[in-house]
Each structure stands twice: as C-alpha cells, then as structure tokens.
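To begin, one chain is listed below as structure tokens, in the form predicted on its own.
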Amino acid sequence: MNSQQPLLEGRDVYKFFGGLAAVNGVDFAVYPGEIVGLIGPNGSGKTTLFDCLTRLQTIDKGQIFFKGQEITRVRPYQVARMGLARTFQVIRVYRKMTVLENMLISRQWRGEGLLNMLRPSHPDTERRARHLIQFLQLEHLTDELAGHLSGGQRRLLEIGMALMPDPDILLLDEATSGINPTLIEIIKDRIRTLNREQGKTFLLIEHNINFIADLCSRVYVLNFGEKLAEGTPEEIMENEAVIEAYFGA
C-alpha cells in the first residue's frame, strides 16, 4: 500500500442521472508522480467520474479530496486554480485563434473574468507558451489558426493549453482517440518525459490498451459505474472479470 497521501482521491463517490447510477460507490486514488489509467467499456462511467473529480458534475454522495483538502463542493474554476487540469473527449480549442493565442489565453483564464483574458500577456507567459509549443512539436504551427490543424495536432494543442498553468495533475480523456500512430507516439513520449523529468502526475481515460500498458503503473477498471478491478496493467490483462466485461468473453 502507498504510504503517501493521495494527490487526488474519491471516496464512495455516487452520481445519479434519474434512477441510473452512472458512478456507483467508487473509491479512487492517484498518488503524486503516478501515471494511472482508467479503462472500461463505453458507458461504464469513466468520463462522468472525471467530471465528478474535476467538479464539473456535482456528486450525490461521497467525498472528493485534492492535495489533502476536501473539494466536494468547490467550484470547477477554483479546483483548476488549485492545480487540477483536464482535457475533454471532444477536443476544446479556440478554432479562430492561432496556436500561440490559444496557449496564452489558457494561461490567463483563471476564473477571473473576461477582462483578464484580454490583457496583454506577460513576457514570461509568452516564453512558457512558446516553450510548450516547441516541446509538443507544434513550433511550425505557432501562428496557424487552430481550426486549420489536424485532429491530432489540436489534441496536442489542448494538452499544451492544459499544461500552461503548470498543474499538479493532468486528467486526459481519450487523448489518442482518432489520432494517427505517429502523433500517438509523440503524446506518449511527452507524457513520459513530463512524468520523469518534472514529476507530473497523470490520470488517463483510454481505450488504447497498449498506450495504457506502456505508460501506467496502475489501472482502474469501471463497469456499469462500479469499480470492477484495480491493479498493474499485467494484472488487469489477466483478470477474467475484466476480460469478460471489457474485451468480451
């Protein structure tokens, strides 16, 4: 058992939609410096759990903690300012703004209103933006409109935007979905580099099992809103209940 305090933790989390428990009594913990995977069949509650952890959804029962502080009723923008960032299943970028402008605005948006977003960027902010653009191998697209990028390039941009405020943990929702293998390898390499060199913590929703196996030390499996299994990628791959629920018997 890990003796550290969890960085992000959910205790007995429930989320109902009508009479359906989309998240059904889930206990969940991610420790500092980990890369943790979250898998399960479509409709198993993965994105809903993400929404609960990041406070985009109000939970019906249970508690959520971040850095040892209960955030069960904290607003989403306040959680973001505390150091919790995420991407979304459907990529969210400003298509009519350039790559650099997207990065700058993501640094300035801190729940402080539109006026702050419109102020000129501090030189340090622009330096960080350009550094991340280069790190994500988007430098040749710095002045390109985000709407002109491929889906994979927009995904890299969205990850860069989430990294701009230098979060403690980054939650990635299907970061490899619909992306070509070359860009998947770039994403994998960048996650690994951030984890090893900066100690960044990641929680990944994925259907790409090879991606999860290559990166994650632990994996949670959800099925019908419940935690079906938890363990190393190897343990999960050999779990008969997971094989039946996720891969097909």
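Remember, it's a predicted structure, so these values are computed and weren't measured experimentally. A residue's number is simply how far along the shown sequence it sits, counting from 1.
The form predicted in complex with a small molecule is left out here; the points below concern that form.
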Contact segment among 213-221, 185-193, 61-69, 35-43, judged by heavy atoms lying within 4.5 Å of the small molecule in the predicted complex: 35-43
Selected contact from S150, Q78, Q134, Q89, since only one has a non-hydrogen atom within 4.5 angstroms of the small molecule in the predicted complex: Q89
Heavy atom of each of Q5, A29 and E226 within 4.5 Å of the small molecule in the predicted complex: no
4.5 Å heavy atom contact, L20 to the small molecule in the predicted complex: yes
4.5 angstroms heavy atom contact with the small molecule in the predicted complex for E174: yes
Residue contact check: N208 to the small molecule in the predicted complex, 4.5 Å heavy atom: no
Non-hydrogen atom contact T48 with the small molecule in the predicted complex at 4.5 angstroms: yes
